[in-house]
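Take a look at this one chain, the form predicted on its own, written out in structure tokens.
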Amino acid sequence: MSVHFVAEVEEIPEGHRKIVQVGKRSIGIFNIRGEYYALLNYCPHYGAELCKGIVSGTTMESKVYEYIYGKDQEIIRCPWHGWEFDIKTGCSLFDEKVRAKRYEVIVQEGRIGLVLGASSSEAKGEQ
């Protein structure tokens, strides 16, 4: 496990994102209502820079002629072909097996860190 501190919390206000480079990896960090999430900046479809896509919400499961909107600011749409992914989980909206690579994020003393190669419990020192 390794933690790479890549930004200060002030750099990513709520509803914004920042794309950082960690070694060969380009990673997008998103602030959704004060919580941080990170995705590899690579769409599993054809490799577009996923984290540069539009962030929005989606329609939720509902009855016929009923429209329920949800996940506001939690969905990212690939800028090339429109594939949509849940920023919090990395799962695509059309098939849970299709996922964007996500990374654990930790915040320590106002700094945002990306955990590479371990689960979040390991990163926080939990056993």
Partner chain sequence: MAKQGIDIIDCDVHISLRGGHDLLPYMPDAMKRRLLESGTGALYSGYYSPVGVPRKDAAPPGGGPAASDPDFLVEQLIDQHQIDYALLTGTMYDVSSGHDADYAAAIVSAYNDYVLDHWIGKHPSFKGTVAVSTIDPQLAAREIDRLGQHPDMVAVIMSSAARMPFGQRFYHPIYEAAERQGLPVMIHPGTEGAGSTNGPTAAGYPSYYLEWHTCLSQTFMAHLVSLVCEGVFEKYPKLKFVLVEGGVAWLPHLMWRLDKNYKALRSQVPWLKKMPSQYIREHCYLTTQPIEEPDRPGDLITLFNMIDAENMLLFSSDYPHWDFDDPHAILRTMPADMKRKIYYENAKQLFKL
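The structure displayed is predicted, hence computed values, not measured ones. Numbering follows the first chain given and starts at 1.
The same protein also exists as the form predicted in complex with the partner chain; that form is not shown, yet it is the one meant from here on.
Undergrad: Of Thr59, Ser26, Gln73, Thr89, which residue is found within 4.5 angstroms of the partner chain in the model of the complex when only non-hydrogen atoms are counted?
TA: Of the candidates Thr59, Ser26, Gln73, Thr89, Thr59 is the one lying within 4.5 Å of the partner chain in the model of the complex.
Undergrad: With a cut-off of 4.5 Å between heavy atoms, is Leu93 one of the residues that contacts the partner chain in the model of the complex?
TA: So Leu93 counts as contacting the partner chain.
Undergrad: My question is simply whether Lys97 lines the interface with the partner chain in the model of the complex - judged by any non-hydrogen atom within 4.5 Å.
TA: The answer is no: Lys97 has no heavy atom within 4.5 Å of the partner chain.
Undergrad: Report yes if any heavy atom of Arg33 sits within 4.5 Å of a heavy atom of the partner chain in the model of the complex; otherwise report no.
TA: Arg33: no, not in contact with the partner chain in the model of the complex.
Undergrad: Please tell me whether any heavy atom belonging to Trp83 falls inside 4.5 Å of a heavy atom of the partner chain, as the geometry stands in the model of the complex.
TA: Trp83: yes, in contact with the partner chain in the model of the complex.
Undergrad: Just to make sure I understand: among 63 to 78, which residues lie within 4.5 Å of the partner chain in the model of the complex, judging by heavy atoms?
TA: Those in contact are Lys63, Val64, Tyr65, Glu66, Tyr67, Arg77.
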